[in-house]
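Coming up is one lone chain in C-alpha cells, specifically the form predicted on its own.
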Amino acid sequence: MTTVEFDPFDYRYHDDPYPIYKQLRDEAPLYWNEKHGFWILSRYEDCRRAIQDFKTFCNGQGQTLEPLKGQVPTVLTTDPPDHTRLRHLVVALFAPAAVASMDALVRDLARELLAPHLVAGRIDIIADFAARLPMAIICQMLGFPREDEDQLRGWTDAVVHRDEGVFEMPEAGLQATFNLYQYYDKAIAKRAGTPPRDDVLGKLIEDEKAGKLSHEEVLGYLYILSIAGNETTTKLIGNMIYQLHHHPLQKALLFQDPSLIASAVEETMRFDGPTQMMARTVTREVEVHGQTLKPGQKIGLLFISANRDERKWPDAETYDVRRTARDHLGFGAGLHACLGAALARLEARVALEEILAGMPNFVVDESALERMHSPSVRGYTKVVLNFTPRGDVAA
C-alpha cells in the first residue's frame, strides 16, 4: 500500500517535483487523486501507450485535468476525423523543411534582443529575451503587429497560470482567454476586403471562406498557436540556461563541440522540459496496473516524469548533453505530437548559440529566480544572468 500523495495544483511540488515523480513511478504508476478525482500515469511506456491509444484516451474533452471553460475547439482538443482535418490544413507550414528556412530570421531577432544587454553584463534571460523571441516569431508567422507582442504575451501567461490548490482556470485566465478571442476577431475583421496575405492568419481566413474551417476553429487555431508558440519555448530556453548553469561541465562540452547544442535542446526537453503534463479523458472501461478506469474519468499523462523513467533511460537522473534523447515525450507523440516542435527546436538551438556566443561565462543569480505555477507547464518567469560585459557591442 503506497503512502504517496500528489497534487499537481499544490505549489509545494513545483520547485522540485522529481522526487515525488520517482515515488509515483516506483510505488503508484497509476495514481488516483481523491481530492480532485483524476488518475495520473508517470512511467514512460504507460504514457506512450496512452498517447497512441487515442480511442481509449481521447483529447475531445480537453487536454487539462480541470474542466474546459470558455474555450473554442482547437487541434489539441479534438480527435479524428476532426483532428485529422484541422492538423492537415497547416502541418506543412510547421514542417522541418519549412521551418529551416527561418534560421536567419530567428538569429537576427535573437541578436537584436540580446545586443542592448551585452554591455551591461546582466540580463533577465526570460523577460528580456526568452519571452520575447518566440512571441516575435509566432506573431510574424500569424501576421500580428510587433507592437502587440507584449499584450499578447501577458494574456497567454495568464491563461497558463493556476492559483494554488484551485482546480479550475482563475478568473484572470478566463478574462485573458476572452481578450485573446476579441483580439483575433478584430485582426480578422481588419483583413476584410483586403487581398489575401501570405501568413498563417491569411491562410486560415481563406480556409474559412472555402468552408474548410468554421470561424470557431479559426479562433481555436490562433489561440493554441499563440500559447504554444510562446509559453513552452520561453520556458524551454529558461530551463536550459538554468541546467547549464548547474552543470558547468556540460556547458563546457558545448564550447568544445558546438554540434552538441541541438542535443542539449533534446536533453533539456527530457530532463527538465516545459511540458509537464497533458490530460486525456477515458472513453471506455480499461484496466491499467490492476485498476479499472471508467468512461468519463480524466487521466494526466506526466510526461516530465516519464522522461526520467529509469526503465527507459540509463542514468535517467543525469543531465548529459551527449545523450541521444530524441524519443523523449517532451513534444508528445502520436497523433497529437507537437505541431510546432521543429520551430521550438530551431528557436531554442539558435537562442543557445547566441547566448553562448555573447555571454559565455554567464552565471544565474539564484536569489532572483521566480517560477511560474501550472500543472501543465514547468519553467521560470525570471532568470537573471550575470556575465562579463562586452565592450564592443553598442547599447
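Sequential numbering from 1, following the sequence displayed. As the structure is a prediction and not an experimental result, all values here were calculated from the model.
FYI, the form predicted in complex with protoporphyrin IX containing FE isn't displayed, but the following is about it.
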query: Triplet G238, I241 and A351 all within 4.5 Å of protoporphyrin IX containing FE in the model of the complex via a heavy atom; finding: no
query: In the model of the complex, R48 touching protoporphyrin IX containing FE (heavy atom, 4.5 Å); finding: no
query: Partner proximity in the model of the complex: F303 to protoporphyrin IX containing FE, non-hydrogen atom cutoff 4.5 Å; finding: yes
query: 4.5 Å heavy atom contact, L41 and protoporphyrin IX containing FE in the model of the complex; finding: no
query: Partner proximity in the model of the complex: R280 to protoporphyrin IX containing FE, non-hydrogen atom cutoff 4.5 Å; finding: yes
query: Partner-facing stretch of 106 to 114, 268 to 276, 285 to 293, 253 to 261, counted where any non-hydrogen atom is within 4.5 angstroms of protoporphyrin IX containing FE in the model of the complex; finding: 268 to 276
query: The single option of K203, R132, H83, R323 touching protoporphyrin IX containing FE in the model of the complex, heavy atom within 4.5 Å; finding: H83
query: Heavy atom contacts to protoporphyrin IX containing FE in the model of the complex at 4.5 Å, residues of 220 to 237 in sequence order; finding: I224, L225, A228, G229, T232, T233, L236
